[in-house]
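The chain below stands alone and is given in C-alpha cells; this is the form predicted alone.
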Amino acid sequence: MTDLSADIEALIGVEQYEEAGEFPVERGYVWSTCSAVENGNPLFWDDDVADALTGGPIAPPTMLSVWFRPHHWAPGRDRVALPLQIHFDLKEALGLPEAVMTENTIVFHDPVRPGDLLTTRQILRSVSPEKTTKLGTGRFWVIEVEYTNQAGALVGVESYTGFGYRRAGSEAGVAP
C-alpha cells in the first residue's frame, strides 16, 4: 500500500524524457575540465597514451553528466531546458517547493569518446512515504539517468536520490 497518487505510481519504472544531447562530446570541454581541476593524466592529453590504453581519446568518466546538461537557452527553444526534469515534475506534483540531492552514484560502461552524441533517458525508480527530517517534511525519490552513445551502446547510468520537502512551519505546497 502506498499513499502516492495513481499518476505518480504509474511513472515508477517508466522511461521518460529521452533526449539526444545538444552537442557532441568534444576535446575542448575535456581539456578545459582537466585544466580546471589540474588533472594531468596523460590519458586525456596525449593521443599516443590514449591509443595504447583505450584505443583512442576518451572523456574522463567523471564528465558523464556534462553531456546531459542542456544549455539553459538555445535559439528556437520555447521552454527553459532543465536537467533531471522528473525531479522538478515531482516537486510540483507533490507540492514540495524545496529539494536537495542527497546521493549520486555513477556506474560506467563503454567509454565516452570525442564526437559521441549521447542520448539520455530518465527513470523514476522510487518515491518514499512522507518523512520528516531536520529540513522539513517530504519524500525521498530515486531517479536514474541512462546514457547511450549514437551506436546505442550503454556508456553509463547515474542514480540520484533527492529529498523534496516543505520547511517546518510552511503551508503545504507554498514556499516560505
Partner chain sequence: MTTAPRLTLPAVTVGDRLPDLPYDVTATTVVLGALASRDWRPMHHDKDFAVDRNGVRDIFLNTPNQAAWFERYLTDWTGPRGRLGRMTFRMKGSVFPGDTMVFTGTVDEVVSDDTGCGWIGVDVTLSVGGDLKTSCHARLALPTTDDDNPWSRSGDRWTP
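Numbering follows the first chain given and starts at 1. What you are looking at is a predicted structure, and each value in this text was computed from that prediction instead of being measured.
The same protein also has a form predicted together with its partner chain, omitted here; what follows describes it.
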Even though the partner isn't displayed, in the model of the complex is Arg69 close enough to its partner chain, meaning a heavy atom within 4.5 Å? yes
4.5 Å heavy atom contact, Asp110 to its partner chain in the model of the complex: yes
Contact flag, Gln85 vs its partner chain in the model of the complex, heavy atom cut 4.5 Å: no
Would Ala93 show up as a contact with its partner chain in the model of the complex if we use heavy atoms at 4.5 Å? no
Position in contact with its partner chain when the complex is considered in the model of the complex, options Ser126, Asn39, Thr133, Gln150, heavy atoms within 4.5 Å: Asn39
Stretch 31 to 58: residues contacting its partner chain in the model of the complex, 4.5 Å heavy atom cut-off: Ser32, Thr33, Ala36, Val37, Glu38, Asn39, Asn41, Pro42, Leu43, Phe44, Asp48, Val49, Ala52, Leu53, Thr54, Ile58
